[in-house]
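Taking the form predicted alone, here's one chain by itself in structure tokens.
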Amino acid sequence: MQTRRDFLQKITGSVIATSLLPRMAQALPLTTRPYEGPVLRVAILGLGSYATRVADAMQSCTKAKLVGAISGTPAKLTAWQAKYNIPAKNCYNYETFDQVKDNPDIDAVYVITPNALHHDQIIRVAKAGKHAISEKPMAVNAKEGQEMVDACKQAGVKLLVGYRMHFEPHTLEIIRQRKANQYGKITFFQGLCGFRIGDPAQWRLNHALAGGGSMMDIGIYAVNGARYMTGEEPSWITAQETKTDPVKFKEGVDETIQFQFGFPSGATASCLSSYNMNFLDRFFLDGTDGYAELWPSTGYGPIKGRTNKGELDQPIVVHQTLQMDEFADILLEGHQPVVPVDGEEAIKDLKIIDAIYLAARTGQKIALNL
């Protein structure tokens, strides 16, 4: 952790999509003050496409800085050193990254690798004494997730998960309105998440690396969204799997799963996760006195929302920039977010996903007590 007086605080517009700057210009402050607080120094482990998106977004952060890189590909490390001005001493490969324990210039390691690798890598990060950030899903099942949480607690470090939507302004506004009872008693949630996946050889279609199929990728958004949109934990689950292409979607790799939740209040949810349907990115929340909709609901942006009273007009943000600055507040200042982003939150999602797979496999209604 460090304090840098010359690390200038970016104006609110630094996280606003460039194309929308004119619309927001009147709302921006005319002057800014230098940021003088602590800065979270982050190394990213796994330098794939999403890691690059995070790294690019972090260039606009005020409270978090990319300072390290970990990869099994030497060429990627060389490229990242040049592109992001990362010192060679802060770069490691998968065999040597335990040595990060001796590097005082790194506070946290963000693991952005295939799902099945998170468990061992996060535990190694914890044993190295660094705060751990895992991309979601945190693990391939709840058992492994619990082991990750336990390892971080034993090491005295914090574990966060890349739930970027937990900081998204339209999402938070709907949560605020729901808590203010503007929709009355919540009765129903619908979450649709899906796209047609491409390259059949990619790791997301490899059960050993992904731990499943669409549910372990896009489906987790509907699982998590059902919880934060309704403000409840499901008490029962049913699910049905559909597979039209068993060659592309091999055993253990789900193509499409429909799943339903029941909540203690009597509200229900109907959700769909698919790797074979395009344009599915919608959340709908219904109550006795109103409704809310996000469409798109979880894509990289812009997120759009409306309620029975009209369109929402929250700021358009770069999710990863906002997430990393919020993570800095959590890890360095003890900030508590509106919706949790810790390992315990992730375990709840994993328990639900475990139950969804069980329900789809057995055809039974699965009771839950989270």
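All figures in this text were calculated on a predicted structure; none of them were measured in a lab. In case it trips you up, residue 1 is the first one in the sequence shown, and so on.
Quick note: we don't show the form predicted in complex with a small molecule, though the next part is all about it.
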| property | result |
| --- | --- |
| Location of the small molecule contact in the model of the complex, chosen stretch of 34 to 42, 336 to 344, 50 to 58, 309 to 317 [non-hydrogen atom, 4.5 Å] | 50 to 58 |
| Contacting member of R178, H119, R204, K158, with respect to the small molecule in the model of the complex [4.5 Å, heavy atom] | R204 |
| In the model of the complex, the one of G287, P114, G262, P169 near the small molecule [non-hydrogen atom within 4.5 angstroms] | P114 |
| Close approach of P137 to the small molecule in the model of the complex, 4.5 Å, heavy atom | yes |
| 4.5 Å heavy atom contact, K130 and the small molecule in the model of the complex | no |
| Contact flag, W295 vs the small molecule in the model of the complex, heavy atom cut 4.5 Å | no |
| In the model of the complex, L209 touching the small molecule (heavy atom, 4.5 Å) | yes |
